[in-house]
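Given next are two forms of a protein chain, the same chain in both, each as C-alpha cells and marked structure 1 or structure 2.
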Structure 1
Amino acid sequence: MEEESFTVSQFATYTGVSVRTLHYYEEKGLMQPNRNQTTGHRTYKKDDAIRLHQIMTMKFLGFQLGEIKKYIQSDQLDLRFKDTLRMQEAKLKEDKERIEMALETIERTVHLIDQEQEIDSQLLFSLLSNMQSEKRQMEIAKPIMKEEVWSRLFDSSVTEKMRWEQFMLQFLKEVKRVAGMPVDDPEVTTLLKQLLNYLVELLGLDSLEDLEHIFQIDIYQQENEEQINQFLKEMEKLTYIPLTKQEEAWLEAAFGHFYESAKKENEQ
C-alpha cells in the first residue's frame, strides 16, 4: 500500500505548523521533503511528521537550530547527549530564575509608582538596581551576618519588600530635603530615628542597641576590622544610593552626631 503523502499546505494543517516555518526548516537543512522534479512541489510523508516532532521537542527544550540539526541527524544518542541535556537544564533554570526576578521587580516597581504617582527617576532606578543585585547581596551577607538577620532582609515576602522600598523612597526624599540643616536639628533626629526604628522592626530586634549585634563577629575587635570593611565595600558596589557627595557627607555627619548623642544619654 502506498504511503500517504501531503502537500505542504496539507502537511501544515496536519501538523499545526505554518507553511512558512516548514520552508524555513527546509532552508536550514532540518526538513527534507521530496520534490517533484517537474513542478518543484514538495511532498511530505508521515515520517516527516516524526522528524518535525523531534525538532519541535528540542526547540521546546531551548536548543538552537544548529544543535537540533546535529542531533536529529544521528540515529543513536549517547551519553554526550545526556550531558548536553544537563547543560540545557542548568541554562533553563538560570533563565527561569532571571525571569522570575524580573517579574517580581516589575511588580514591586509598579507598586511604588502606584503609591507615589510621581517618582524622581534617580531614586526609582537606584531601587531597581538594588532589586537586581539582591541575590549577590545575600551571598555576601551570609558569611558575616547572623542567619536570622540576613534571612529577614532577603527572604522576606514581596509585600514586606514593597513596604521597605516605599519607606526608603520616602526616607531618601526627606534626606534630600533636610540635607544641610544642622545635624542636631530635631527634624533631622526624628528622621534618623524613624529609619533605625524601622530597621529594628524589619530585622525582628528588641532595641536600637541590638543593631550592633547583627553580625556573627564582634565588629569592635581589631582583627575583624578588615573583614567588616571588605563586607561594606562589596555591599557599596551593589547598592546605589542617589545622593550627592555633599548629601552623603552631611548624612554621615548626622548619623555620627546621632550615635554620639545616644551614647551620652546611655552613660547618664
Structure 2
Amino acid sequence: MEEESFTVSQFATYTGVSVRTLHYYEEKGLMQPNRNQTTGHRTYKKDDAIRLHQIMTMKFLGFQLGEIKKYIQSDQLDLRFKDTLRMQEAKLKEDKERIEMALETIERTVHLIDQEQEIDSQLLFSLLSNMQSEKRQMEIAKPIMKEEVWSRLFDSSVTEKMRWEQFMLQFLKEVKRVAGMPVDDPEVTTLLKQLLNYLVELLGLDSLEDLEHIFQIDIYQQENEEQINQFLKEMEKLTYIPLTKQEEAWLEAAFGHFYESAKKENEQ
C-alpha cells in the first residue's frame, strides 16, 4: 500500500506554513523530505507532518530553531528537556514582566495626555523616563528610608502614581514659568509650599518638619555623610529632571530661601 504523499504547495496549504518556510527548515536540517532524484522536487508524507508539528509546537513555546533541532532528534525525551522547559519558562516570564511594565507606562502616559490638552514632549518624556527606573529607584531607597514610608511609596496604586505624575507635570511647568523671578516672590513661595504639602501627604507625614525624618539614619550625623552622598548620587543618575542649569540653580536658591524663612518664622 502506497503511503499518501504531498507536494510542497499541497503540504504548505495543508499545514498552514509557507513553502519558503519548509525549504528553510530543510536547509537548517530540521526536516528531510524525500526528493525526486531527477527533478529535485520534494514529497512530504505523514512523518514529515509529525516533524513539522513538533517544530511548530516548540516555536510556539518560544524556542529558536537551533534549540529545536537539538530536541527533535531524539525519540525519547530525557530529563534535560524538563530543565530546558523551565529555562524557557523563566525567559518568557521576563518578557512578560517587561511587557506588563510597558503596558502600565502606556496607561499612565495616556492618562497624562488626557488631562492636559497640549503637552511639552520634554516634560512628558522625562516623566516616562522616571517611570522606567521606578523599580530601581525603590531598590536603592529601600535600605535608607524608614520602613513605613518606603512601603507606603512602594504600595501606592497606579491611580496614586498617575496623580503624582500629573502634579509633577504641573509643578515643572510652573517652575519653568517663574524661574528667574525673585525667590521671595509670594508666587514662588506658594509653589514650593504646594510641592512640600503634596510630599507630606504622599509620604503620610504629620507636618513639614517630619520630612527630615523619613530616613532610617540621621542625615545630619557626620558619619552618615558618605552613605547619604552615595544614595543621592545614584538617585541623581536615575532621576532625570528636564530643567536647564539656570532653572536648576534658581530652584535650589528658591528652596534655600524658603527654608531660611521657615526657620526664622519658627524661631519667632
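As the structure is a prediction and not an experimental result, all values here were calculated from the model. The term rigid core refers to the maximal set of C-alpha atoms that superpose within 1.5 Å between the two forms. Numbers given to residues start at 1 and step along the sequence of structure 1.
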Decide which single structure shows the form predicted together with another copy of the chain, answering 1 or 2. 2
Two rigid parts rotate relative to each other between the two structures; which of L123, S129, R98, Q227 lies at the hinge? R98
Rotational displacement of the minor rigid part between the two structures [degrees]: 16
Looking at N34, what is the CA displacement between the two structures after core superposition, in angstrom? 4.9
Once the two forms are fitted on their core, CA shift of F154 between the two structures in Å: 3.0
